[in-house]
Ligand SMILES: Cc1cc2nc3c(=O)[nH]c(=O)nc-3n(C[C@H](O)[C@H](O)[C@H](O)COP(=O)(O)O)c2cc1C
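Heads up, the chain below is alone and in the form predicted alone; it's given as structure tokens.
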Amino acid sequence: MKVIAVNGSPRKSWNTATLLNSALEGAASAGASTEIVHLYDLDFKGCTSCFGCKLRGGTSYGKCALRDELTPLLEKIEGADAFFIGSPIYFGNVTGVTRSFMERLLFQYLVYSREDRSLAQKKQVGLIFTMNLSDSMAKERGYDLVFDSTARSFKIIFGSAEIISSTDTLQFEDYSRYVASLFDVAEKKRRREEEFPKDCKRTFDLGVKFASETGSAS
């Protein structure tokens, strides 16, 4: 079984990437082969509305017709049994590259039909969101609705989607180097030491779950 993680953060070793790697460690512990791909390493753009994936009898029907550095990742996800997508929240939503990736991934499978809406094989999907806001502020600002809306799109296409959000994350190693007086640095560091490992355990457990359920179904 194969599990892929897609990192939509520009940072390869901080909050989002750490959670994704924890998910892959969990999947690997249950027997899966794993791989992480960093979107910021790839040169690509979002959907161009060429509709090649919708053309009757077309050579790209059900596949994104654009050919660029994202194409191999789309093919890897097609062949995977489960996958994770992780992104920090920038100005109320996922990063721009994550959104462009999602457009290309999801739209190729979407069918304008009254019956089956998707050409994709059913897969387990994990959506991991990280943010600087506290739990209470995230709820006040309606981030649950943003996450649920994103998950709904993946459920339509792949049949499932599970959400893990990590809030009030530590942005800098040394806050004294930046203009950031808005934050309680001691509290940020406390959460990094005490709460963030719990988030890592949640993603680890979800990786175990995906690999175990996929393995038992095969």
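Keep in mind it's a predicted model, so treat the numbers as computed, not measured. The first residue of the sequence shown is number 1, and the count goes up from there.
Not pictured, yet referred to below: the form predicted in complex with the ligand.
- Checked against the ligand in the predicted complex, the candidates 127, 106, 80, 89 yield a single residue with a heavy atom inside 4.5 Å, and that residue is 89.
- The single contact residue among 165, 169, 34, 150, judged by any heavy atom lying within 4.5 Å of the ligand in the predicted complex, is 169.
- Each of 9, 16 and 131 is positioned with at least one heavy atom within 4.5 Å of the ligand in the predicted complex.
- With the ligand omitted here, the record of contacts in the predicted complex names 131 to 139 of 117 to 125, 131 to 139, 69 to 77, 96 to 104, defined by a heavy atom within 4.5 Å.
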